[in-house]
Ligand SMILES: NC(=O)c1ccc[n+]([C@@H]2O[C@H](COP(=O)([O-])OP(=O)(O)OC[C@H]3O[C@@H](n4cnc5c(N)ncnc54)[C@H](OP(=O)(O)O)[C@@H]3O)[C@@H](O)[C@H]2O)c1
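Presented as structure tokens, the chain that follows is alone, the form predicted alone.
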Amino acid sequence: MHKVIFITGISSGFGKCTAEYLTQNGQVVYGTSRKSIESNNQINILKADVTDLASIKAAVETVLKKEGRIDVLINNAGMGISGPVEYASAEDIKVQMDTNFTGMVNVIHSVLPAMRKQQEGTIINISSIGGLMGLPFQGFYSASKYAIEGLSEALRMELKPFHIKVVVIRPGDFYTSFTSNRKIDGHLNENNPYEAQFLKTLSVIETDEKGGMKPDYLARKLGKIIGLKHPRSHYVIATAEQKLAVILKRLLPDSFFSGILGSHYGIK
């Protein structure tokens, strides 16, 4: 039996691949995009911005009027800003948190009344392994993902009486347009004491991403998770090396793990 799936941020990357894969496998998919994108006869595209609560509520209402239900919500919309924490502008901090975290909350608020009425549903929140460990020069990106982790843990308990499942996805490095769309904050110039280290670390970050897995791998994983009656509360979808890093983060003393992570990013 097909499911009605609402997914945010389908213009590129994870969202685009996931929407296409789920549609090809018989699901009814509604996807949001901030900008106008080429129409797909099978994917129902809704113009909406997760940071604009009114537009998200309108998009959700459109789905409910047409389908009568939403079985799965995939909170995928997100973006990244890199730079030294000290030099981050208030505007960029707000954009980062509003898109990755508050935007996700806007969508959850809009979908939950219908899911509670149904007494079932699945909410899938896209976090990151950067939500399990603070990544240098991606401090506010990591902060937004840590926030997703904490909210999802609380939400999972709150929604248990309504038979609504909450699943957190923690991707590692994938090669998507996320890399080219990354915004650089921090006013880098010769007077910025972080510039040399930041540029060195950014080179490692981008090399890791460009050598990462393809987004259709994540799409297939999400397809399997959606089909499970009892999915796990969280999944790390990453390379073996990155999965090991997640385990080491849990097991090793903080100072030791920070040394390993810093060394990977060229920080001595």
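Residue numbers run from 1 along the displayed sequence. Quick caveat: nothing in here was measured; it's all calculated off a predicted structure.
Omitted here: the form predicted in complex with the named molecule. The next part is about that form.
Undergrad: Assess the spot marked by Gly134, Arg232 and Lys249: is the named molecule within 4.5 Å of a heavy atom from every one of these residues in the predicted bound form?
TA: Heavy-atom distance to the named molecule in the predicted bound form: none of the three under 4.5 Å.
Undergrad: Which among 152-160, 86-94, 108-116, 174-182 is in contact with the named molecule in the predicted bound form, heavy atoms within 4.5 angstroms?
TA: One stretch meets the cut-off, namely 174-182.
Undergrad: Against the named molecule in the predicted bound form, would Gly121 count as a contact residue? Criterion: heavy atoms within 4.5 Å.
TA: Taking the distances in the predicted bound form, the answer for Gly121 is no, it never comes within 4.5 Å of the named molecule.
Undergrad: Does the named molecule get within 4.5 angstroms of any non-hydrogen atom of Ala77 in the predicted bound form?
TA: Yes, contact at 4.5 Å.
Undergrad: Using a 4.5 Å heavy atom cut-off, state whether Glu67 contacts the named molecule in the predicted bound form.
TA: No, Glu67 is distant from the partner.
Undergrad: Does the named molecule come within 4.5 Å of any heavy atom of Ser127 in the predicted bound form?
TA: It does: once the named molecule is placed as it appears in the predicted bound form, Ser127 has a heavy atom within 4.5 Å of it.
Undergrad: Can you list, in sequence order, the residues from 141-159 that come within 4.5 Å of the named molecule in the predicted bound form, counting heavy atoms only?
TA: Tyr141, Lys145 sit within 4.5 Å of the partner.
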